[in-house]
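Single chain ahead, written as structure tokens, the form predicted on its own.
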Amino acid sequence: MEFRLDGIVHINYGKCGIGKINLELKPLGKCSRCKKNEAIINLAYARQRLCKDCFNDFFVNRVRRVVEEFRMFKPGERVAVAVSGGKDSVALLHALKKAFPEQDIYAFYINLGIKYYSDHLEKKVIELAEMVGVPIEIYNLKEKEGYTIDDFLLTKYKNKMCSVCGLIKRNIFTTLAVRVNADTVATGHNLDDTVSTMMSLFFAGDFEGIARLKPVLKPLIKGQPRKIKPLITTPEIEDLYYVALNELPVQECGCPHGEFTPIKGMKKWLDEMEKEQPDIKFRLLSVFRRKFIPLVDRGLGEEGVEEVRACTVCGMPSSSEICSKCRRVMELMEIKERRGEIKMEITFEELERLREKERVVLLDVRDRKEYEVYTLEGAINIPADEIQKRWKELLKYKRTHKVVVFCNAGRSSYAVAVKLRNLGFDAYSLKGGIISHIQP
């Protein structure tokens, strides 16, 4: 995750999607607070430069203030934390326990069955829970409900995987929280997540959606937990700083289903604005929360509030007889019954047979140097970390060829194959990678 060299902290983080974040935290002079230690974090919006210890205090104290300001939970209440293994939820669990060491905190992780990814994250969150000293429950989607997120590549939702995944996780986290009698469910939504979503919904005219982005959401059905966002005023990059500086276990590979969404585009736009106006995200959050959302709430009134009932299948809140999550799962199960299990990987022998009867393009996603040393005959090269920018080079093969992706061991190629499936390609990953097929 991070290492130090000549006083510089290097951070390498495998974020959602195939791309990664690489940062350097260089010495900035004396810390603005303690005046003793070397500062490495620059908080331009606060006009402060902080050392590691002062930044940790700043981070934890802000979480504490937000919880207390919005009365997110009381002493003695059980707080369920939805942990994904990403930087935000990892930072949240650790900081909450630091801020409220006597609070009854319970962690949940959903193993979504995403190959080469979910099991990796499960190990990380178990390690984190042991480090923090909180109980954790693992919910294995395949074992409990008979499907995985990867299976949705069979459905019409294959290019909307983040939406489907979010529906399923929200439903299950609420179900688990009810089961352990939790009073609240805490999620890792940060300042950037919240403001970019608000802006996207604003331009889409979905004002009711904006009204649901409050720091605390009351339960839609009696007996269910409140939903809280303790990181709502925490910039996303500071979650990464906190996780790296405290050497917390966190994901090292990106989710293969990560999408380029309008919200991610909005984040980039806000990041550019932040260079000129360091406090722009805080000001936008304040305007939406203090001015806009109250106007929307008054405009909706009781008549504008959509009727909510319990889903007849799972019992979770729904605006119809069967909730969106259960409808999508039913669609998936019908497709699986007709078509069988999804096939994302093929062996080298299967590849040879496939090339005899189909048009196949081989895609080597290793770096250029490895490709030039050795590759499979006829393969083209687009490194995995460039696929987000260069995937359109493959469009000429979309309707005519099967795309077989390979790397050294099969992990990166699987992520790229999933990404290409999301985009409508008939793509597969070479199981075991090229290493297992090189003759000694």
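Don't overthink the numbering: it's just position in the shown sequence, from 1. Just so it is clear, the structure is predicted and the values come from calculations on it, not from any experiment.
The same protein also has a form predicted in complex with a further copy of the same chain, omitted here; what follows describes it.
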**OP:** Choose one stretch from 359-367, 198-206, 181-189, 234-242: the one whose residues place a heavy atom within 4.5 angstroms of a further copy of the same chain in the predicted bound form.
**Re:** 198-206
**OP:** Classify Arg283 as contacting or not contacting a further copy of the same chain in the predicted bound form by the rule of any non-hydrogen atom within 4.5 angstroms, answering yes or no.
**Re:** yes
Original post:
Glu349 near a further copy of the same chain in the predicted bound form, any heavy atom under 4.5 Å?
Top reply: no
Original post:
Does a further copy of the same chain come within 4.5 Å of any heavy atom of Tyr139 in the predicted bound form?
Top reply: no
**OP:** Indicate whether a further copy of the same chain has at least one heavy atom within 4.5 Å of a heavy atom of Lys156 in the predicted bound form.
**Re:** no
Original post:
Hey, with a further copy of the same chain in the predicted bound form, do Trp269, Phe292 and Leu295 all fall inside the 4.5 Å heavy atom range?
Top reply: yes
**OP:** Counting non-hydrogen atoms within 4.5 angstroms of a further copy of the same chain in the predicted bound form, say which of Leu167, Met344, Ala310, Met273 makes the cut.
**Re:** Met273
**OP:** Let me know the one among Val287, Cys314, Leu217, Cys253 whose heavy atoms come within 4.5 Å of a further copy of the same chain in the predicted bound form, would you?
**Re:** Val287
